[in-house]
Each structure stands twice: as C-alpha cells, then as structure tokens.
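Single chain ahead, written as structure tokens, the form predicted on its own.
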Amino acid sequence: MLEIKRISQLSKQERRAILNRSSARMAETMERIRPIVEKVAQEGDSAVIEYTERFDGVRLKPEEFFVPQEQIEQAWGETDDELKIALSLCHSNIRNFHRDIKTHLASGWAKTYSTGSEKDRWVCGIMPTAVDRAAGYVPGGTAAYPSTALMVSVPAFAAGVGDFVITTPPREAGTVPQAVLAAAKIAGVTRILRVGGAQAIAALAFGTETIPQVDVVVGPGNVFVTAAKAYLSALGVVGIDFPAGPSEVVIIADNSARVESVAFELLAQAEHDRDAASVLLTDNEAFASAVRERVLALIETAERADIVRASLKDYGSILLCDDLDEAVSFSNAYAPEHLQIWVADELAVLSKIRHAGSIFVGEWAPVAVGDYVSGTNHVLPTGGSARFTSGVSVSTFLKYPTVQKLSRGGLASLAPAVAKVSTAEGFYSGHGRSVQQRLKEKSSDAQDTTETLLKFLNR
C-alpha cells in the first residue's frame, strides 16, 4: 500500500491506472437510471413518491416534498451559537469571493471596431445574463453537508439567480439535518426539496406538478446522481456543472514541506471514501519515505481506517520525480480536483500549472480551508475533467450572449464580405440581400449611435 515509485520507471499500464483512477461504470449506471428518469418525466409527482419510498424509505405526499418554512426557522433557532458563528463566517467569505468574481466575469463588456474610417464603426460585446432557476444537490446518507448547501447556493445568488432550490435525500421520517437547514437559512434559500437520487435530478430537469423545472442543476452526489446529471445534460434537458466523481488530491512537495502536514493531507482525502485518490509528487526520496511511514502510522489510529486503507491501496501513490518540472507535467496530465503546492519556489511551480480544480499554495493553505471557509468552492471537477471545466462559481449560472450595433458606415464597410462569403456557401437569395436592403433605406440616425451600446455594456 502506498508504494513509492519513480515516474520515469512506470509502465504504460501503471501510468494509465494512476491517471484514470476511480471511474464510475457510467454506461452500466446510465442503463439503471434511464427508467427512473423516463418515469419521472412521464408520471411526475407519483414517480417521485414511488422512488423516494423505494430508495429512501420515506413516504411523502406532494405537499410534503418541500420542508415547511417554519421547520427551517426552527432549525436555525435550535442551532448552537458556535455553529451559527462558523456558518456565518463561511457564508460571508463565500459570498464576498463570488461577488468579487462577478465584478470580473459578470459585468458587460464592449469595444468599438472599424475598417479604418471614423464613420465605419461598429460595437461588439457581451451581456451576461443569469439563468432564471437553478437547483443544488446536497448529498445525504450518513453525513450532513451544510458546507455544500452554501457552496451550491451562494454563487447562484451572487450571479443573480432569482429562484434557487436545494434538494437533498430525506432521512427517517422525512427529516433533513438541522445543520443543512441552518446553512440554507443563512444563504437565503427558502425551498428545500426532500428528494434525492436520480429521481430528484429528473424531477428538477423536467418539472412535475409540485416541483419546479430549473435551468441548471449543480452539486455532488453518488454515482446515480452523477449519471442522471450527465444523461439529462446530454439530452439537452438541463444544464449541469459537471459529472463529479470521488474526491482527489495531488500534492507537489519538496523537502521544504513538513512530513507531518503532508501525511495528514493524504489521509484527509483518503478518508472521504474508498474511491478517493491521493497522490504525492516529490523530487526527494528521503522525504517520500518519511511521508509514507507517517501515513501508515496515522492509519492505525484513524476513525475511518478501513476506508483509508482501501483508498490508499487502490488509488494512493507516492511518485518520485527527477525534478519539479516532471512533477508539474504529471500533475497537468492528472488534472486533479485539489492541487497542493508546497515547495521552496512555489510561484515557479504555480506559473506552470494548467489544469486543476482548486489550487492551494504554501504551508498555510490546507485543502480543508477551501472546503469550508476561505471563500472558494468545494464543488470541483474530478477524474481529469479539470482539463476542460472549472468548479462551481458565478459563471456556472451565467450565459454570455454577444451583442452588436453598427453604424450605417460600419455596415456598408462589411457588406461586400457578407455577400461574397454567403454566395460561396450557396446562400444566394437572403443573406447578402438582407444587408443590401438595409443600406437602401434612408438613415434613421442623424448621428452614429454605436456609442450608446458601448456605454451601456461597459457601465
């Protein structure tokens, strides 16, 4: 378990196994969730009732799908003061960070273009708009995840989503953990759906008699939730963040890092579940050996020792690199959910990172702080999908329609190119003539008004 290997000596099969890590049997799971999705689409509330009773052991009436507002208020009132303070700090930091993101990603932008003449002007830009409705999945099972309730909802509100629903599997007697209700309360979520699994994703994607249809569903879940999100997204029914899999971390460290802290980081990921992946990349063999010894010692007193052992046996790796450039190259190929950089020249390494969900730099940035309270998000791409997507943020809930406005001179300067290219494509009647027809009309604008759009989008 957790054997030390040199990257340059890995066989193709060993390298592929590490990079591919845990992957759900998506094709098989898709077949299992398809009838659930189709039945919810066809039968609505009755299918949700059936599957909630079958999978969660709770019989709900449609009027009981959503947690009553008085229960949310009661949960907040009964939450101990220390947890209230901690949740308030988490909420404040997440809200502030994502509002700051919005300043950069969600504001309009436009620029004036020209073929050269002052009169031949046009303006092109973007005008971000939020989706109307969204939902966030908060996992259930044996644990409670108030932090996830914050992570899925706060960025949505920061983006300008007006209607947000949290959905979570019900516990016995249809209850939802008090801490989740408290987190939803402080985030401003008023509708909490007591439905989980593929049936929850399908109900929100299609809408039922009681459950509203949403535009985007985000958040982590089990393999059935993940498969339902992927399936419905592929059908074009609903937008999603990404199909999230088991948690994972890559640590790039040299001998300036502390053995004890690095060992605990590996342990922290491994205790998530048996499929979690933990990888250490280092250029120092003595450091690698020391970390391995400490991890094995820590397992002996870990509360979830069986899970940690299984995780590290199947998906744990300590890899020796010839130098830190080789570590960076392997990390970029791995594209980890969490990447921790703990080296003497941390910025030199950071500048070469291209693919990661969330990056933690230096000795005072453990992954757990990003999971809860620094303000970034813990709903992150896994399984290598950080190569092409990002974690949940305001941009998850935004669309970026482009906008343009042309002066008469600007249109005239571009008209010949439209005519030439559209004719080459076989569009002889409409495309070019639609431009020429505009130019035959008398101008309704005495002045060039492209500046109005420029000012509007850059406001």
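Just so we're clear, the structure is a prediction, and the values are computed from it rather than from any experiment. Just count from 1 along the sequence shown to find any residue number.
One more form of this protein, predicted together with another copy of the chain, exists but is not displayed; see below.
Item checked: Heavy atom contact within 4.5 Å of another copy of the chain in the model of the complex, the stretch among 276 to 284, 186 to 194, 363 to 371, 311 to 319 -> Correct option: 363 to 371.
Next item on the list: Would you please decide whether Gln340 lies within 4.5 angstroms of another copy of the chain in the model of the complex, comparing each non-hydrogen atom pair?
Entry: Looking in the model of the complex, residue contacts with another copy of the chain include Gln340, since a heavy atom lies within 4.5 Å.
Check: Within a 4.5 Å heavy atom cut-off, is Ile18 in contact with another copy of the chain in the model of the complex?
Finding: The answer is no: Ile18 has no heavy atom within 4.5 Å of another copy of the chain.
Notebook entry, point to check: Hey, in the model of the complex, is Ala86 touching another copy of the chain, heavy atoms inside 4.5 Å?
Noted result: So Ala86 counts as contacting another copy of the chain.
Check: Taking heavy atoms only, is Phe427 within 4.5 angstroms of another copy of the chain in the model of the complex?
Finding: Result yes; Phe427 sits at the interface with another copy of the chain in the model of the complex.
Next item on the list: Select from the listed residues Ala182, Val218, Val328, Ala130 the one whose heavy atoms reach within 4.5 Å of another copy of the chain in the model of the complex.
Entry: None of the other options qualify; the answer is Ala130.
Notebook entry, point to check: Does anything in 110 to 136 come within 4.5 Å of another copy of the chain in the model of the complex by heavy atoms, and if so which residues, in order?
Noted result: The stretch 110 to 136, when checked against another copy of the chain in the model of the complex, contributes Lys111, Tyr113, Thr115, Trp122, Cys124, Gly125, Ile126, Met127, Thr129, Ala130, Val131, Asp132 at the 4.5 Å heavy-atom cut-off.
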